[in-house]
Every structure is written in C-alpha cells, then in structure tokens.
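Shown here is one chain on its own, the form predicted on its own, set out as structure tokens.
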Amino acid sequence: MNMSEHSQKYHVVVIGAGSTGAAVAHDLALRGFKVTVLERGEIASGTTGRNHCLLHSGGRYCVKDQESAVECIEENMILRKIMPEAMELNGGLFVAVNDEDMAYKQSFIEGCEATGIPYKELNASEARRREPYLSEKTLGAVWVPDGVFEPMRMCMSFLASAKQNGAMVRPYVEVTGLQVEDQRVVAVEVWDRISGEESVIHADLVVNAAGPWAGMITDMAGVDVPVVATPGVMVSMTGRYCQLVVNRLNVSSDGDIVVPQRETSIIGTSSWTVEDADYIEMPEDHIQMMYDRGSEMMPILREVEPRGIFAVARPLIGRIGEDEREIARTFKCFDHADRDGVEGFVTIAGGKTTTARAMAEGTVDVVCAKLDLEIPCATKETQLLSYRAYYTI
C-alpha cells in the first residue's frame, strides 16, 4: 500500500550538512517527512567544503573500482540536469606523459567501455591545443566528462529545495549526545554554538551523515561503524592554468590531478589515515609531492605561488590499518537495528560528493522501509532550486 500521505507524522533528524546530509534532507522532505538538519559549523564546512571540487566521470576508478565508476558516471549525468547552477561542465583529460602511461591507456579505455563512461582519444598535439600548459612530453590523452562543482552552492541547492518542502536547517548547532531508551534512539542532545543554549530534539529516526566524524556520533549510541578518516593534502595554486580537469593516465596515485576552480588550480591529492578527522597534521613530503607530481603533467605549476595548502578527511568504509588506496570509494547505509540492535538510527558513509544524491536515495529507502512506507524517490527528475534561494525561503 502506498503510504506517502502518512510520512508527515514522522520527524527525521539529519546530522551533518555536507553534500550527503543536504541530499538526504532534500530526499526526505520531498517524500513528505518532517526534517531537521543539524550542522556544527557553516553549511559544507566539513569534508565537502574542503575537497578538490571534482565532478567525477568515474574515470579515476574505471579500472580498479568499477562499482564506484558506474556510480560516478550515472550521478554525474543526473547532477548535470538537476543542478546546473552549481556546476562547470568543462570535461576532463587523462594525460599520458611517459610510456608507462601510454601502456595503461588500453586498460583505461576498456574500463570506460565496461562502466559506460563516454570517452574520446586525443593525440599529443590535440591535447596540447586544448590545454597549452600541458607538458611537452605529453604523448596522448583521453577526454572524459569530468566537471567541477561549487561545494557550498551544491549543498545550498539541496537544502533550499529541502526548506521549500518544510525542512528546518540549523547550522552552528552541535550534537553533544544521543538519548537511547529501550535500545532505540529517541532524541538528540544539542548545543547551539551561537546562543550557547542546550536543548533536546526528539526524533522518530536519526540519520548520521557526519562523514569522517560518523564514528563520534555512533559512539553516542554505544555502537560502531567501519568508517576510516582518510585525509588527503591539496595545494591550490594562484592562477587557472587549465580549463579542463587534468588527470594522470595511470592508476590513481598521489598528486595526479589538477582541478580548475575559479581562478585557481588545485593539485591533489595524497592519502593516509588518522584517528581524529579534526586534527590532521599535513606531512611536508606530501605537500612537496603535490608540486612534483602535478608539474609532471603541467610544468608551469613549479613556477607559480600556492594560494593555499589544505587537507580534509574522506569517510571511507574500512578499518584502520587497511591500505587506504585499496579501499573502494563506494558507499553503504548502515541500519543499526539490524547491525547493532539499536533502533531508530542509521548511518550513511563512504562515497563521493558526486554520488551524494544516490547515497541519499539509498538512505531514505532504508528509512521508508523501517517505517513501513512505500514512497518512491523522485530526486532524479526534480530540478533543484538555485543556491540563492537558500537565503530567501
């Protein structure tokens, strides 16, 4: 039986207002739920707001992690339609600068074909015509539909649409505890960081979308989730030296991508694991690696000054001690009733900003199933409001 008319009686609290939490709020509100979003800082102030802004085509994963590649290209095409104001749909090049890269090209093309990623082969002169700052050693390239997004605008578009459907968004409100009664999460304890007020928000269900901080939230309910905080160093160079996203045509590695973002060029990224996503010490050798590897593709990057050096933790599904480069970039929704015997509580983790909408769809499907509701997802076809509407609704 279709029970969408009954969803309004359920209040769902979403913890986190990065891309995943914002997308979950939009999907929940679109399906008729009462929604409150809690974010301890500004919108997109965590992982989403400090990544390298790549709208993935899936090319980085099409050889070794094809499940993630399929997720990326499918969501890339959906986001182009529903969120055009937050995107620069410029495309990307996977560039070969040595014989090893050229040898990898056939595996890359086979991966694109296997995962449905559109591509076009370019010779060296064609590639350098498109991107004059590419190395003179460039041997060839493959074009794919990469793009660039504005992280805060993406989140604000999701949240503006959620607010239009009745959601309440509360930035600068930190979760300090979860109230559990009879093995069920029934309320969220919060601290308003502006007013200093402490309060309790009752909920029928809580969605933990806190990214690499998800473990801090699950600890409050006495349960565990296999999320590894995996930082990466990025260096934002002063000046925009490519119009397309430039990737190394080889197995994903450190410093093998340059993303144009407004008037900067972001070189990224490295990878390691930390215990606490709030305290990331950036290794000096990782910073140097960004300059060294990025300039192999674009030598001019050795000649310009950095505008900023930063790091952010990815919320990968795995355990400390695993090789972080081998952890899949796919996502999973954890129902803590099935997993830990605690009702009214789910965690969404993993994935990419590119796949936030799909992560939200899977999460809200779990919410509906738990509440015995049959409400189809409509976010694939629903045009999002402009990010500007976030401040006027």
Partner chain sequence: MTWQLTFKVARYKPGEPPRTDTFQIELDPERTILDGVEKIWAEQDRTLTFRHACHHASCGSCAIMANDVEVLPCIVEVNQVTRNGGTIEVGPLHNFPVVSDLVVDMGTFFERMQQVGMPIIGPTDPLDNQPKDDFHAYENCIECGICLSACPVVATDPTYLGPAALAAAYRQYHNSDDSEEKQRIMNLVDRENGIWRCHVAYECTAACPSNVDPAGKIMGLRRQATVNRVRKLFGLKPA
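Residue numbers count along the first chain shown, from 1. Owing to the predicted nature of the structure, the values given are computational and were not obtained by experimental measurement.
The same protein has a further form, the form predicted in complex with the partner chain, not shown here; the description that follows concerns it.
K.L.:
With the partner chain left out of view, which of Lys105, Arg184, Arg153, Lys137 would have a heavy atom within 4.5 Å of it in the predicted complex?
P.N.:
Looking at the other structure, the residue within range turns out to be Arg153.
K.L.:
I need to confirm a contact call. Of Val180, Ala124, Val274, Met282, which residue comes within 4.5 Å of the partner chain in the predicted complex, counting heavy atoms only?
P.N.:
The residue in contact is Met282.
K.L.:
Just one of 257-265, 293-301, 109-117, 96-104 has heavy atoms within 4.5 Å of the partner chain in the predicted complex; which?
P.N.:
It is 257-265 that comes within 4.5 Å of the partner.
K.L.:
Even though the partner isn't displayed, in the predicted complex is Gln243 close enough to the partner chain, meaning a heavy atom within 4.5 Å?
P.N.:
Yes, contact at 4.5 Å.
K.L.:
Test of understanding: in the predicted complex, would Ser45 fall inside 4.5 Å of the partner chain by heavy atoms?
P.N.:
Taking the distances in the predicted complex, the answer for Ser45 is yes, it comes within 4.5 Å of the partner chain.
K.L.:
Indicate whether Met77 is a 4.5 Å heavy atom neighbour of the partner chain in the predicted complex.
P.N.:
Because no heavy atom of Met77 falls inside 4.5 Å of the partner chain in the predicted complex, the answer is no.
K.L.:
Residue-level contact is defined here as any heavy atom of the residue lying within 4.5 Å of the partner chain in the predicted complex; does Lys81 satisfy this criterion?
P.N.:
Lys81: no, not in contact with the partner chain in the predicted complex.
K.L.:
Of 292-312, which residues get within 4.5 Å of the partner chain in the predicted complex if you count heavy atoms?
P.N.:
The stretch touches the partner through Arg307, Gly308, Ile309, Phe310.
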